[in-house]
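Presented as structure tokens, the chain that follows is alone, the form predicted alone.
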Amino acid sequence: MEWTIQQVAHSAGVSSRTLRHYDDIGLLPPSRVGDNGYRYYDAAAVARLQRVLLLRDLGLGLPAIADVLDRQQDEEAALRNHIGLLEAERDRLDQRIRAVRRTLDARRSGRDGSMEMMLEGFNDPYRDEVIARWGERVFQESNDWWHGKSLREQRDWKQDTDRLVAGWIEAWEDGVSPTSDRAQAMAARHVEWLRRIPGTPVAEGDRERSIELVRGLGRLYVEDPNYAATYGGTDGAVFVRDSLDEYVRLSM
């Protein structure tokens, strides 16, 4: 099956002049040229045009597009990559839509939402680290769960989280031991907090991976200066880590 240049241009939303230019620079030659001089495009050429238009929409210039296509000799792999780029673009647009809806929700309620809530996801600042430690699915499911909340629900969650952190800091400042009943109650509360986040092993009831997650978080709180500061400094983070380790040993 093949189509004329006019048919392809109409379906793709570009001009015939654009397709002729792509031919002139070697980016998209027609599959054949008829005796009448008309250009014709088969399915493979249309698939290539599809990739050209996607890369153009992503902001690449024509020389860069040509370089990408020349390096992608495996057409099936290129199409899978095409799907991945489209899905990433869809996710980006979905996230922006949710952010605007949260802003609208804040305006309707007569309150201004915080910039953090309106522009960021649940764990966006730690995306690479979350994926490296626990996988893409954990990040995506927890982030989708966060973006699905209304502004009020997000505020409630953040306030609950702030109370959890404050409880940890207060227990540490009071000098209690990580093995004390009070510290273990805080650890149980922390694990329950994790259980409420979709995508985490704790939420899914995966015992082995839950243990790994809880212990890993404890280490992260100590090793990452941003997390350590959240818990009042390195000593406070060490208290949280040791309390979680003890909880895992006794209760998980």
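All of these numbers come straight from a predicted model, not from anything done at the bench. Here the rigid core means the biggest group of C-alpha atoms that line up within 1.5 Å when the two forms are laid on top of each other. The numbering used is simple: start at 1 and walk along the sequence shown.
Note that the form predicted in complex with the DNA isn't included here; everything after this is about it.
- Contact check for A12, R48 and A66: none of the three has a heavy atom within 4.5 Å of the DNA in the model of the complex.
- When the DNA is considered in the model of the complex, only one residue from R56, R195, R219, R209 comes within 4.5 Å through any heavy atom, namely R56.
- When contacts are judged by a 4.5 Å heavy atom cut-off, Y231 does not count as touching the DNA in the model of the complex.
- When contacts are judged by a 4.5 Å heavy atom cut-off, R39 counts as touching the DNA in the model of the complex.
- Although the partner is absent here, G205 is not a contact residue: none of its heavy atoms lies within 4.5 angstroms of the DNA in the model of the complex.
- Though the partner is left out of this view, G61 does reach within 4.5 Å of the DNA in the model of the complex, counting heavy atoms only.
- For the stretch 210-247, the set of residues having any non-hydrogen atom within 4.5 angstroms of the DNA in the model of the complex is empty.
- Fitting the two forms on the rigid core leaves the C-alpha of A203 displaced by under 2 angstroms between this form and the one not shown.
- The two forms, fitted on the rigid core, differ between this form and the one not shown by 2 Å or more at the CA of Y22.
- Once you line up the core between this form and the one not shown, the Cα of L194 stays within less than 2 Å of where it was.
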